[in-house]
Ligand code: SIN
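Shown here is one chain on its own, the form predicted on its own, set out as structure tokens.
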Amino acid sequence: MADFEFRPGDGPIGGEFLGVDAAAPMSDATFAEIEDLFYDRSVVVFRDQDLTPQQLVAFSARFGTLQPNVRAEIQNPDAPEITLISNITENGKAIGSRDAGRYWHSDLCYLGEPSKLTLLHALEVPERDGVAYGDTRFASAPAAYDALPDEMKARLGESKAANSYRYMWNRKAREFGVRPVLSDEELKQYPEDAIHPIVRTHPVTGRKCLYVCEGYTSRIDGMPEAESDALLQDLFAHAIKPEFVYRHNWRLGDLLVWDNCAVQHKATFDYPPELRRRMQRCAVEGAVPF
């Protein structure tokens, strides 16, 4: 057995690694044990990690090929595999994405090959009087699917839905005012809609996962608009029921890793702008959903 402690959470997802240094050399056997626990729990945290960008990239690459974000302006200039998530402005310019995670979503679901998993490392956590703000919530996609009534499972069948970065961009721009509203021509710089199964099979565990999210899923393919909108709203509400959700309260140095097939997530914006938040993130390439 590896020389670390793992504490699973109380619900269907979540767990905590203690005694792991992600910057240190690690045997294949130890990493395999970590990976097995990760896929069993879908969201795990490695506590007390002091990682340079290069060390985060190296550890992330143990899970697979890294996948840079489509927004080049929020990449770390010295390590483009890393995306910066932050509310900090330096020299009049935002140093990272200021509105990431406003909606429930699965990372890069708008691509033909969405992210397999994401790693997010806390460099600065918004805190006041010993209380940390900016929690991230995660909802279990397999648990959500398993809890669907049999008639809904049958109705969904082999249905597919559009996941749209372009749709999300202007919706977020209009609602939060942090990014500019773009014309249809300007939006063409970003990927076209990706059409994915509403019920996705996990490539490692084989479990069925409910794969729609309010942030990017804009329509059900081939379904009349009114029917599509109504069904999606029902699925969005079902997917995030409290019994499926794990809430992560951040600590400085946390390295949180999550499975983008098995969970969707949403950030909590419950802190004023003077409380600094700075995170560095890597994503790992996945496969075409099936």
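Heads up: residue numbers just count along the shown sequence, starting at 1. Remember, it's a predicted structure, so these values are computed and weren't measured experimentally.
The following text describes the form predicted together with the ligand, which does not appear among the structures shown.
Only one segment in the set 199 to 207, 109 to 117, 95 to 103, 152 to 160 has residues whose heavy atoms sit within 4.5 Å of the ligand in the predicted complex; it is 95 to 103. Residue contact with the ligand in the predicted complex: residue 265 places a heavy atom within 4.5 Å of it. Within 4.5 Å of some heavy atom of the ligand in the predicted complex lies at least one heavy atom of residue 136. Though the partner is left out of this view, residue 168 does not reach within 4.5 Å of the ligand in the predicted complex, counting heavy atoms only. When the ligand is considered in the predicted complex, residue 85 lines it closely, a heavy atom lying within 4.5 Å.
If you check the ligand in the predicted complex, you find no heavy atom from any of 211, 219 and 238 within 4.5 Å. Annotation for 158 to 185: no interface residues with the ligand in the predicted complex [heavy atom within 4.5 Å].
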